[in-house]
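Given as structure tokens, the chain that follows is alone and in the form predicted alone.
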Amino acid sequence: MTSTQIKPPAGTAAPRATHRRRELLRKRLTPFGYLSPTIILMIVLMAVPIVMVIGYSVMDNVITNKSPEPVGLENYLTILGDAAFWKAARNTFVFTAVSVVVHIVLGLTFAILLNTELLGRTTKALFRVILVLPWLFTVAIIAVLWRMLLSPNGVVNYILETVGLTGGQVEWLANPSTALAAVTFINIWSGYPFYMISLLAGLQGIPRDLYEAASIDGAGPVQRFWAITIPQLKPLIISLALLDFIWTTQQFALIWMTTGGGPIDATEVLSTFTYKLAFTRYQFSEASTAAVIILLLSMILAFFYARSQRSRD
């Protein structure tokens, strides 16, 4: 049995192929057409400033100099050789590491408290309101509130002196030996509710069957916590820790409003160090260099966050 193929008329194959290519190209470009407003905004508001800052970092004293000249990596060598930069980096690491660890521990502790069946509904609702309160305040209110509480004549000193933990009026934010610990405590206090709520949502997503099966097998509360709760929350804890690390390394407003980076650079972090270079000492090129270094550190953290998200999916 033979079949007869109908061939297109001569001269029509090429136009059809061209039409198919145009349709394919149109389908591929259509999504970019919808995304074009967002892409344009990202280029104008993000890419262009970043490229400008990178360009400033290899120039000689831009903005204040009408004819800046390229200096290569000289600004990077100057910043990396500055002892003040490394002190700010060390303070940033201590401030961030302590904040992240305590945020996770405190958030998980309160989340477990709110998720337990030992408390009644009214008690849980009351605790939710009290524990979430710090998250409702703006940074300016938090700074003013704790400057008053930690002042030499404030409530904190009164309570500690009453119970015998301190022997006098401690200037928590004005003493170089206590200022970094004080601002770290304030940052922990103002930020833990977010992690508490996130981890509470994670706890409520763990199937109850797992706990019931573990109880039947004779596992106690501590064994259930380490064998079920922590493994189930591990992806969420890693994601929250990486996000918190990125956010906390960029903390500026709280430190600027409480100590301004002082006293004697005791609370100087990379963000306040960069700000002072630009708007106090008017060294915009070196400030741009410090900003690029912070950008690179943030990109490294963002890489690990994206990697953890990919493995989670």
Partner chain sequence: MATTLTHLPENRPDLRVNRTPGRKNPGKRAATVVALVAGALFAGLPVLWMLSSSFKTNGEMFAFPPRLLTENVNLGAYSEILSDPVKVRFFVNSYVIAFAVTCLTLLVGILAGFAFSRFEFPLKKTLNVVIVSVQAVPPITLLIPYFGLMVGLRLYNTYPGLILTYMVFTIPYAIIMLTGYFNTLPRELDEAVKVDGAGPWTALWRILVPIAVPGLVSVGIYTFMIAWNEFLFALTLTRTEDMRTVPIGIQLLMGQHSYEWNQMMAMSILGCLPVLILFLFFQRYFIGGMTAGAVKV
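Quantities reported herein were computed from a predicted structural model and do not represent experimental measurements. Take the two forms, find the largest set of C-alpha atoms that superpose within 1.5 Å, and that set is the rigid core. Numbering follows the first chain given and starts at 1.
One more form of this protein should be noted, the form predicted in complex with its partner chain, which is absent from this view; the next part is about it.
No member of the trio 96, 206 and 226 reaches its partner chain in the predicted bound form with any non-hydrogen atom inside 4.5 Å. In summary, the region of this chain contacting its partner chain in the predicted bound form, judged by heavy atoms within 4.5 Å and restricted to 187-195, 81-89, 226-234, 68-76, corresponds to 187-195.
Put simply, residue 280 is far from its partner chain in the predicted bound form: not one heavy atom of it is within 4.5 Å.
Looking at residue 311, you'd find every heavy atom of it more than 4.5 angstroms from its partner chain in the predicted bound form. Taking the partner from elsewhere, residue 153 is found to have a heavy atom lying within 4.5 Å of its partner chain in the predicted bound form. At a distance threshold of 4.5 angstroms between non-hydrogen atoms, residue 176 is out of contact with its partner chain in the predicted bound form. Contacts to its partner chain in the predicted bound form (heavy atom within 4.5 Å) from stretch 75-104: none. Once you line up the core between this form and the one not shown, the Cα of residue 30 ends up 2 Å or more from where it was.
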